[in-house]
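In structure tokens, one chain follows: the form predicted on its own.
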């Protein structure tokens, strides 16, 4: 399985996902500014991977800070957290990872600033390892919803390229394939940045999973012809009531699935759930530059000069369109407000 990010003794090594699938380019990152740029420019992407990247970036930003006392250390830490938090607004794992590390560092008493730096790196590595295990557990729990011979539709990219392990939705798909369930996967291209075409198809083909690529506007016809047994995709933030923010186009897929009586599953770790967001209305949606729509990779222009484009990176699917949420603690079903809270209480 490909590793999207690795810690290498004194730096971070990533796959630059903007280069896939034409080239597999690895980049070495040594500063917090490089991590910020990698997140913002989608060199690393996917909610869990953004959180892991931010954790390593926080260490890179703090390792050379000269703090006279632990109090001074935490003042600088807050500045670095605030800086990284501005890289992308929707993926809650970014904020969750940074806050988790801060909370765990503050729980340590009688530590020197050097001890705190060493502890910060260990926490970042532990967070990475934790996501690896969560992905594995999601894959195992998701097996129960995939029948033998299932034809699965997915949207955007949710595999090893988006996480610290085998993936969320693609992790379920990998696990089903390894279990011999004889599945076929249909991958939406996922305009405008084509994560499905560039990344998901690349991962599926690397894994030897039977798969077909679709233009986004073909999913309706595919379901109409009864060629989809279930939908599985990921999420960048889930509200406390089960509303799901995911890559733009997800809401449309959910409506299609509801109309055609196709089960619609979301696979995401509990770290993607934002209990402070009561509903989808509380989830901030990132808006990106017009050129991502009017040009393909800033190279091939497909619209008139200076065309005004609307380019939200995500949409929100209401909970009544979601059949179930596959987490590392099991599959959550409606009523989501109650069952999400129960999952955290466990």
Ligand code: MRU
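Please read all numbers here as calculations on a predicted model, not as lab measurements. Positions refer to the first chain, counted from 1.
Unshown form predicted in complex with this ligand; subsequent notes refer to it.
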Completion exercise
Students should find that, of 187, 239, 162, 232, the residue having a non-hydrogen atom no more than 4.5 angstroms from this ligand in the model of the complex is 162
Exercise for the section: Report the residue, out of 117, 134, 88, 128, that has at least one non-hydrogen atom within 4.5 angstroms of this ligand in the model of the complex. Expected result: 88
Practice task
Name the stretch: of 303-311, 44-52, 276-284, 23-31, exactly one has residues whose heavy atoms fall within 4.5 Å of this ligand in the model of the complex.
Solution key: 44-52
Practice task
Classify residue 156 as contacting or not contacting this ligand in the model of the complex by the rule of any non-hydrogen atom within 4.5 angstroms, answering yes or no.
Solution key: yes
Problem - in the model of the complex, residues of 175-206 near this ligand [heavy atom within 4.5 Å] - result: 195
